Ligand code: PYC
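In the block that follows, a single chain appears as structure tokens, in the form predicted alone.
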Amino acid sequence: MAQSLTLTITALRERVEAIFLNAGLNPVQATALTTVIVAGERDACKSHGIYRIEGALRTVKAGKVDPRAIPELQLNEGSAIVKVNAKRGFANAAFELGLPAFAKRTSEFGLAALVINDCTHFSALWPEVEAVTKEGLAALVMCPSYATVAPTGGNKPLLGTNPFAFGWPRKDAAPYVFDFATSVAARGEIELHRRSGRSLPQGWAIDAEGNPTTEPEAALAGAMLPFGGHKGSAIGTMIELLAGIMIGDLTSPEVLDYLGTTTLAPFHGELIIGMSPEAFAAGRPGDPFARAEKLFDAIVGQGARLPSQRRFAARQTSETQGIILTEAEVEQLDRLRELGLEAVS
């Protein structure tokens, strides 16, 4: 029987950070990447956990991201737009740099935006949404990807998976958070199906000829489909416009042209919009946070589940009982730490 290993969150963090540091990332980049990867494992989001380390290292080895980048904060006095140039580094480090000024401007103006340019996107958006909600702010976060999704009625990749996330702060509970790709499933989910030899559900993808397929290999060579048909296609296009064209960064087709492959982490920009519930509700009756709790209670009262509750439950388990890794996962971590960039093709 394969042996598993239970690690504390701190112990896993030390292992992951050591991998990145040994691979040549500076502490700014390594620490930020480690935070989001460990968060994925902690919250039982395997498609955004340690599985992603290899892709990050592959992108570094290909020279498509600067592992020693120092992001640069760009502030204009009196503006509600905070910009961070990632300097071709990972988006995570740029977000961490920009968050304090962005939160301050959002509280000051009631509404502000954080624009991250020239970054390599990595992993999920919900860690960023949660970081904004900790400041007592609501947030929308979005970014393009690379062209892997066919628009509704189309038969070739054009849009990205274009993740879209929202968070609402709660005073005595975990925030209300959702984070989803605007494709039916995240590309990482298809890759996990491929690795495990499982077929895809119907309606996830088409093959290179535009025919429906349940084969992961054919889906990866073809295109994914947007969720909700034309609705998901429209939202995905909106994200190309807002988080690509509007902020002067790459769209998903341009990202694919730049990378030449979907095996590397995508290089583009990111848009975070922050909102102060108190500022928007000022002068109106009622506390916006208390009113939100009534809505959440009504949802749960019907037997429905708020989004991210599975993640939060898994997080609580990880914090008290540790994170369980399989023997193969432990061996892979050891291999990546020992070999660094030589461990990836």
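What you are looking at is a predicted structure, and each value in this text was computed from that prediction instead of being measured. Throughout, we count residues from 1 along the sequence that is shown.
If you look for the form predicted in complex with ligand PYC, you will not find it shown, but the lines that follow are about it.
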**Item:** Every residue of Arg52, Ala186 and Pro266 near ligand PYC in the predicted complex, heavy atom within 4.5 Å
**Value:** yes
**Message:** Can you tell me whether His48 touches ligand PYC? I mean in the predicted complex, with a 4.5 angstroms heavy atom cut-off.
**Reply:** yes
**Item:** Trp168, heavy atom within 4.5 angstroms of ligand PYC in the predicted complex
**Value:** no
**Request:** Examine Phe122 and determine whether its closest non-hydrogen atom to ligand PYC in the predicted complex is within 4.5 angstroms.
**Result:** yes
**Request:** Within 4.5 Å of ligand PYC in the predicted complex, counting heavy atoms only, one of 130-138, 240-248, 186-194, 101-109 shows up; tell me which.
**Result:** 186-194
